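In C-alpha coordinates, one chain follows: the form predicted on its own.
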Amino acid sequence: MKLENIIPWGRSMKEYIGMFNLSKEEIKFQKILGCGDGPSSFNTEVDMEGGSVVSVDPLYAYSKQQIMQRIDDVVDEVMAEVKANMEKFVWKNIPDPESLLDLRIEAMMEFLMDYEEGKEEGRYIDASLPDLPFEDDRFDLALSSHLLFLYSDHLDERFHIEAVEEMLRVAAEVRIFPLLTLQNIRSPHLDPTMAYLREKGYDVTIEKCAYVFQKGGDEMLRIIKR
(Lines give C-alpha, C1' and ligand atoms only; values in the text may rest on other atoms or scores of the structure.)
Protein backbone atom coordinates (compact mmCIF):
# COMPACT_ATOMS: atom_id res chain seq x y z
CA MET A 1 0.00 0.00 0.00
CA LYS A 2 1.03 3.57 -0.54
CA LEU A 3 -0.57 6.38 1.43
CA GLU A 4 0.52 9.98 1.04
CA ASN A 5 -0.22 10.95 4.65
CA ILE A 6 -0.73 9.37 8.06
CA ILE A 7 -4.46 8.79 8.15
CA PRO A 8 -7.11 8.54 10.88
CA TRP A 9 -8.32 4.94 10.90
CA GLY A 10 -10.09 3.32 13.85
CA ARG A 11 -9.71 -0.09 15.47
CA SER A 12 -11.67 -1.80 18.24
CA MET A 13 -10.75 -3.02 21.72
CA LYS A 14 -10.96 -6.61 20.49
CA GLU A 15 -8.32 -5.81 17.89
CA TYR A 16 -6.13 -4.05 20.45
CA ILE A 17 -6.33 -7.12 22.70
CA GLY A 18 -5.11 -9.30 19.84
CA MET A 19 -2.45 -6.88 18.60
CA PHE A 20 -0.88 -6.33 22.02
CA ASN A 21 -1.64 -9.64 23.80
CA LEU A 22 -3.52 -7.67 26.44
CA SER A 23 -4.94 -9.58 29.39
CA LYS A 24 -8.22 -8.80 31.13
CA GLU A 25 -6.22 -7.81 34.22
CA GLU A 26 -4.10 -5.32 32.26
CA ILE A 27 -7.17 -3.71 30.73
CA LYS A 28 -8.98 -3.48 34.06
CA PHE A 29 -6.17 -2.50 36.43
CA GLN A 30 -3.28 -0.90 34.53
CA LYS A 31 -2.94 2.75 33.59
CA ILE A 32 -2.60 2.64 29.79
CA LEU A 33 -1.40 5.27 27.35
CA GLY A 34 -2.34 4.99 23.68
CA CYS A 35 -0.01 6.88 21.34
CA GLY A 36 -1.58 7.76 18.01
CA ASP A 37 -4.91 6.10 18.80
CA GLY A 38 -6.76 8.35 16.35
CA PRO A 39 -10.46 7.49 16.02
CA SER A 40 -10.16 4.02 17.56
CA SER A 41 -12.82 2.80 19.98
CA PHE A 42 -10.25 1.21 22.34
CA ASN A 43 -10.39 4.10 24.80
CA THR A 44 -14.18 4.22 24.64
CA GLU A 45 -14.64 0.50 25.28
CA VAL A 46 -12.05 0.28 28.08
CA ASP A 47 -13.63 3.27 29.81
CA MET A 48 -17.03 1.57 29.65
CA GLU A 49 -15.49 -1.44 31.42
CA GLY A 50 -14.02 0.70 34.17
CA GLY A 51 -10.43 0.69 32.94
CA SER A 52 -8.04 3.62 32.52
CA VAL A 53 -6.77 4.75 29.11
CA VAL A 54 -5.44 8.12 28.02
CA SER A 55 -5.09 8.55 24.24
CA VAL A 56 -2.84 11.14 22.58
CA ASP A 57 -3.07 12.17 18.95
CA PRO A 58 -2.80 15.48 17.05
CA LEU A 59 -6.20 14.59 15.63
CA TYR A 60 -7.71 15.62 18.98
CA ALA A 61 -6.97 19.28 18.25
CA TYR A 62 -10.06 19.18 16.03
CA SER A 63 -13.78 19.16 16.68
CA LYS A 64 -16.01 16.14 16.32
CA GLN A 65 -17.39 17.52 13.06
CA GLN A 66 -13.92 18.19 11.65
CA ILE A 67 -12.80 14.64 12.49
CA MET A 68 -15.89 13.22 10.83
CA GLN A 69 -15.05 15.21 7.71
CA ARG A 70 -11.44 14.01 7.77
CA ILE A 71 -12.61 10.40 7.99
CA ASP A 72 -14.94 10.97 5.05
CA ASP A 73 -12.04 12.48 3.11
CA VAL A 74 -9.76 9.43 3.48
CA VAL A 75 -12.16 6.47 3.32
CA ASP A 76 -12.16 6.21 -0.48
CA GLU A 77 -8.36 6.46 -0.68
CA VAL A 78 -7.81 3.78 1.95
CA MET A 79 -10.33 1.35 0.53
CA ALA A 80 -9.00 1.83 -3.01
CA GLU A 81 -5.51 0.90 -1.74
CA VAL A 82 -6.89 -2.13 0.12
CA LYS A 83 -8.71 -3.40 -2.96
CA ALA A 84 -5.62 -2.85 -5.13
CA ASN A 85 -3.52 -4.88 -2.67
CA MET A 86 -5.86 -7.71 -1.67
CA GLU A 87 -3.07 -10.29 -1.77
CA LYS A 88 -1.20 -8.54 1.05
CA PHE A 89 -3.90 -9.24 3.63
CA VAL A 90 -5.24 -12.29 5.46
CA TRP A 91 -8.96 -12.49 4.67
CA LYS A 92 -9.99 -14.83 7.50
CA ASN A 93 -11.53 -13.05 10.48
CA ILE A 94 -12.29 -10.19 8.11
CA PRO A 95 -13.63 -11.92 4.98
CA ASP A 96 -13.64 -9.07 2.45
CA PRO A 97 -13.09 -5.31 1.99
CA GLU A 98 -16.73 -4.50 2.64
CA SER A 99 -16.57 -6.23 6.03
CA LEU A 100 -13.34 -4.36 6.77
CA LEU A 101 -14.99 -1.04 6.05
CA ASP A 102 -17.99 -1.93 8.23
CA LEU A 103 -15.66 -2.86 11.11
CA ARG A 104 -13.65 0.36 10.82
CA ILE A 105 -16.72 2.59 10.53
CA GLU A 106 -18.29 0.93 13.58
CA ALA A 107 -15.13 1.56 15.67
CA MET A 108 -14.85 5.16 14.49
CA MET A 109 -18.50 5.90 15.16
CA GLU A 110 -18.12 4.56 18.72
CA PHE A 111 -15.14 6.87 19.16
CA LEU A 112 -17.03 9.87 17.80
CA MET A 113 -19.98 9.27 20.13
CA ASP A 114 -17.57 9.33 23.09
CA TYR A 115 -15.14 11.97 21.83
CA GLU A 116 -16.52 15.17 23.34
CA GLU A 117 -17.19 13.63 26.76
CA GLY A 118 -13.82 11.86 26.74
CA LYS A 119 -12.04 15.06 25.86
CA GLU A 120 -13.64 16.84 28.82
CA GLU A 121 -12.56 13.98 31.07
CA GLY A 122 -8.96 14.19 29.84
CA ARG A 123 -9.02 10.83 28.05
CA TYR A 124 -8.29 12.37 24.61
CA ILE A 125 -5.34 14.76 24.57
CA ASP A 126 -3.96 16.75 21.65
CA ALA A 127 -0.30 15.69 21.70
CA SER A 128 2.07 13.60 19.63
CA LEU A 129 5.32 11.69 19.80
CA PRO A 130 8.10 12.32 20.54
CA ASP A 131 6.94 14.95 23.06
CA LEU A 132 4.36 13.78 25.59
CA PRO A 133 2.83 16.13 28.20
CA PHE A 134 3.13 13.74 31.14
CA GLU A 135 5.39 13.35 34.14
CA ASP A 136 7.85 10.44 34.37
CA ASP A 137 6.37 7.00 35.08
CA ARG A 138 2.77 8.17 34.82
CA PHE A 139 1.59 4.95 33.13
CA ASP A 140 2.04 1.21 33.50
CA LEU A 141 1.84 0.50 29.79
CA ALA A 142 2.19 2.55 26.59
CA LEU A 143 0.85 1.24 23.27
CA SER A 144 1.48 2.34 19.70
CA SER A 145 -0.87 0.89 17.09
CA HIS A 146 -0.28 1.32 13.35
CA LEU A 147 2.01 4.33 13.59
CA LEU A 148 5.61 3.48 14.46
CA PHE A 149 7.26 1.14 11.92
CA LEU A 150 4.13 1.05 9.72
CA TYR A 151 4.81 4.58 8.44
CA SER A 152 8.55 4.09 8.00
CA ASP A 153 8.51 6.07 4.74
CA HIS A 154 7.08 9.05 6.63
CA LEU A 155 8.96 8.77 9.96
CA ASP A 156 12.73 8.28 10.03
CA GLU A 157 14.95 6.19 12.32
CA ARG A 158 15.71 9.10 14.65
CA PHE A 159 12.01 9.76 15.12
CA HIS A 160 11.41 6.11 16.05
CA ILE A 161 14.17 6.07 18.65
CA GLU A 162 13.09 9.37 20.19
CA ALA A 163 9.44 8.27 20.20
CA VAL A 164 10.13 4.98 21.95
CA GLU A 165 12.41 6.63 24.51
CA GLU A 166 9.68 9.16 25.27
CA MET A 167 7.13 6.39 25.74
CA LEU A 168 9.55 4.65 28.11
CA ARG A 169 9.97 7.87 30.05
CA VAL A 170 6.28 7.93 30.92
CA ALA A 171 5.54 4.18 31.10
CA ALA A 172 7.11 1.07 32.58
CA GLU A 173 6.50 -0.95 29.43
CA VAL A 174 5.98 -0.22 25.74
CA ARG A 175 4.33 -2.40 23.07
CA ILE A 176 4.32 -1.53 19.37
CA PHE A 177 2.33 -3.19 16.56
CA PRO A 178 2.87 -3.96 13.70
CA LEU A 179 6.54 -4.28 12.79
CA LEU A 180 5.83 -4.15 9.05
CA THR A 181 5.63 -1.14 6.76
CA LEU A 182 2.70 -0.32 4.50
CA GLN A 183 4.55 -2.36 1.85
CA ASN A 184 4.37 -5.52 4.05
CA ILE A 185 8.11 -5.64 4.68
CA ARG A 186 9.95 -5.55 8.00
CA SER A 187 10.63 -1.91 8.87
CA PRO A 188 14.22 -0.82 8.19
CA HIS A 189 14.05 1.13 11.45
CA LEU A 190 13.30 -1.92 13.60
CA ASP A 191 16.78 -3.44 14.02
CA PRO A 192 18.57 -0.12 14.68
CA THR A 193 15.90 0.85 17.21
CA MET A 194 16.15 -2.49 19.00
CA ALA A 195 19.94 -2.31 19.07
CA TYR A 196 19.87 1.20 20.52
CA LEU A 197 17.38 0.26 23.23
CA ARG A 198 19.32 -2.86 24.24
CA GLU A 199 22.49 -0.80 24.49
CA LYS A 200 20.58 1.53 26.84
CA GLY A 201 19.74 -1.44 29.07
CA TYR A 202 16.11 -2.14 28.22
CA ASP A 203 14.66 -5.64 27.83
CA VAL A 204 13.63 -5.82 24.16
CA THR A 205 11.74 -8.75 22.61
CA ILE A 206 9.63 -9.53 19.56
CA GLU A 207 6.54 -11.56 20.40
CA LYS A 208 3.87 -13.32 18.36
CA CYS A 209 0.36 -11.86 18.54
CA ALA A 210 -3.08 -13.37 18.29
CA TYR A 211 -4.02 -10.75 15.66
CA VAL A 212 -3.03 -10.78 12.01
CA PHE A 213 -4.42 -8.87 9.03
CA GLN A 214 -1.35 -7.82 7.07
CA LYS A 215 0.36 -10.97 5.81
CA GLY A 216 3.31 -11.61 8.10
CA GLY A 217 2.09 -8.93 10.50
CA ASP A 218 1.60 -11.09 13.58
CA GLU A 219 4.38 -9.72 15.79
CA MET A 220 4.73 -6.90 18.30
CA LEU A 221 7.75 -5.25 19.89
CA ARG A 222 7.83 -5.28 23.70
CA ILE A 223 10.23 -3.05 25.65
CA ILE A 224 10.45 -3.22 29.45
CA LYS A 225 12.40 -1.11 31.90
CA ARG A 226 14.76 -3.20 34.03
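One rule holds for the numbers: they count along the sequence shown, beginning at 1. In this text the structure is predicted, and so the values were computed from the model without any measurement.
The form predicted together with a small molecule exists for this protein as well; it is not shown, and the discussion that follows is about that form.
Contact annotation: the small molecule lies within 4.5 Å of heavy atoms from the stretch 122-130 in the predicted complex, the single such stretch among 122-130, 95-103, 109-117, 78-86. Among residues of the shown chain, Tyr202 is not one whose heavy atoms approach the small molecule to within 4.5 Å in the predicted complex. Interface residue remark: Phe134 is not counted as part of the site for the small molecule in the predicted complex, having no heavy atom within 4.5 Å. For the chain shown alone, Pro58 is a contact residue for the small molecule in the predicted complex, at least one non-hydrogen atom being within 4.5 angstroms. Contact annotation: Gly217 falls outside 4.5 Å of the small molecule in the predicted complex, judged by heavy atom distances.
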